[in-house]
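This document opens with one chain alone, in structure tokens, the form predicted on its own.
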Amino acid sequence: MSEFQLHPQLAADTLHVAALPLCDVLLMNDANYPWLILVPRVPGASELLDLGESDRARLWREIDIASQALRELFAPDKLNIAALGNVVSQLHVHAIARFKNDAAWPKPVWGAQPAKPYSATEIAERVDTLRGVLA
């Protein structure tokens, strides 16, 4: 079996936050939305069905952990959870805190507006805060 490698597009668009037992938790480098991506470290996985039963259960627990962190830190109006993979086939799950006053509401965030990269200071603060809640 091959070794797990993060898809280059995910590596380019995100910042590493934490490693949970199954998933790497990444922060989308878009300050428009509090947006986490969970990537199971399972080589070759592109669909939820590619995970064994115990890993699927573990993934849902880790989605819950990430969702609770977003809820605790940002008090969103809604949490969007999605595993699309149309552009990046590597299995990954988006957890996005949404607000009625965000630029894309009520539509999906994809393509609503250009990504707004975090500043170096914002990255340090956001990643540190998320790590504290995810720990």
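Since the structure is predicted, the reported quantities are computational estimates derived from the model, not experimental observations. Start at 1 and count along the sequence shown; that's the residue number.
What comes next is about the form predicted together with a further copy of the same chain, which does not appear here.
In the predicted bound form, a further copy of the same chain lies within 4.5 Å of some heavy atom of residue 56. Interface residue remark: residue 86 is counted as part of the site for a further copy of the same chain in the predicted bound form, having a heavy atom within 4.5 Å.
The closest non-hydrogen atom of residue 81 lies within 4.5 Å of a further copy of the same chain in the predicted bound form. At a distance threshold of 4.5 angstroms between non-hydrogen atoms, residue 50 is in contact with a further copy of the same chain in the predicted bound form. Interface residues of 113-134, taken as those with a heavy atom within 4.5 Å of a further copy of the same chain in the predicted bound form (partner not displayed), are absent.
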